[in-house]
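There is one chain below, alone, in structure tokens, taken in the form predicted on its own.
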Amino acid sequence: MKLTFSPSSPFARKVRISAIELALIDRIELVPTTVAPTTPNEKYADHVNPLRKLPALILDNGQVLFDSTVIIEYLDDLAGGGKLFPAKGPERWQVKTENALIQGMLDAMLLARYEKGVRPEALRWPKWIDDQWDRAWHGLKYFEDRPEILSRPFDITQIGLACLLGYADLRFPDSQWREAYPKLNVFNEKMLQRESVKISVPK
């Protein structure tokens, strides 16, 4: 299997951490790939992901899976199932909902990052940046207010949160999320002790 990725992509990092935790990383070849707004990668769009997004998992038979959640569910199934996502019942849907929230928070952060760092300064929309960041900020409060999520057995929600907080540190170093959300800060420090999280810190 081959995984298209960038070291700075929180979505690709989620897959890498999951693959390590599921003991599948040795079966995956990491393929550094560059995609960027306004810079079409036509080869990638035509042969891997039409949306030009990372990551994508190319299976040995040529089938391509995306996005990160689909890839991780595939890997979880490959590893026997029920390891990162609960196998069934209300818990499964709760965890999938939490994962969807984290995906949305990451999307919002990415949009804020593009607006601030990629769009020409004269065309930037400060209220748009503030609105996107506010969505992510409220998501952080959601998890801060639910410490039971942070302390339960290791799962995809905790992986996603670690990647989200790492991305916040990378792209929004002045956000002061640690001061605002001390429980998330303690959680993050604990997660950074896991080898899979430590070795994949974004650059």
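Model, not experiment: these values are computed from the prediction. Residue numbers run from 1 along the displayed sequence.
The form predicted in complex with a further copy of the same chain is left out here; the points below concern that form.
Heavy atoms of E144 never reach within 4.5 Å of a further copy of the same chain in the predicted complex, leaving it off the interface.
The closest non-hydrogen atom of L30 lies beyond 4.5 Å of a further copy of the same chain in the predicted complex. For the chain shown alone, D67 is a contact residue for a further copy of the same chain in the predicted complex, at least one non-hydrogen atom being within 4.5 angstroms.
A residue is said to contact a partner when one of its heavy atoms sits within 4.5 Å of a partner heavy atom; R52 meets this definition for a further copy of the same chain in the predicted complex. Only one of D26, E42, E148, D60 comes within 4.5 Å of a further copy of the same chain in the predicted complex through a heavy atom, and that residue is E42.
For the three residues K116, I156 and A168, a heavy atom within 4.5 Å of a further copy of the same chain turns up in the predicted complex in no case.
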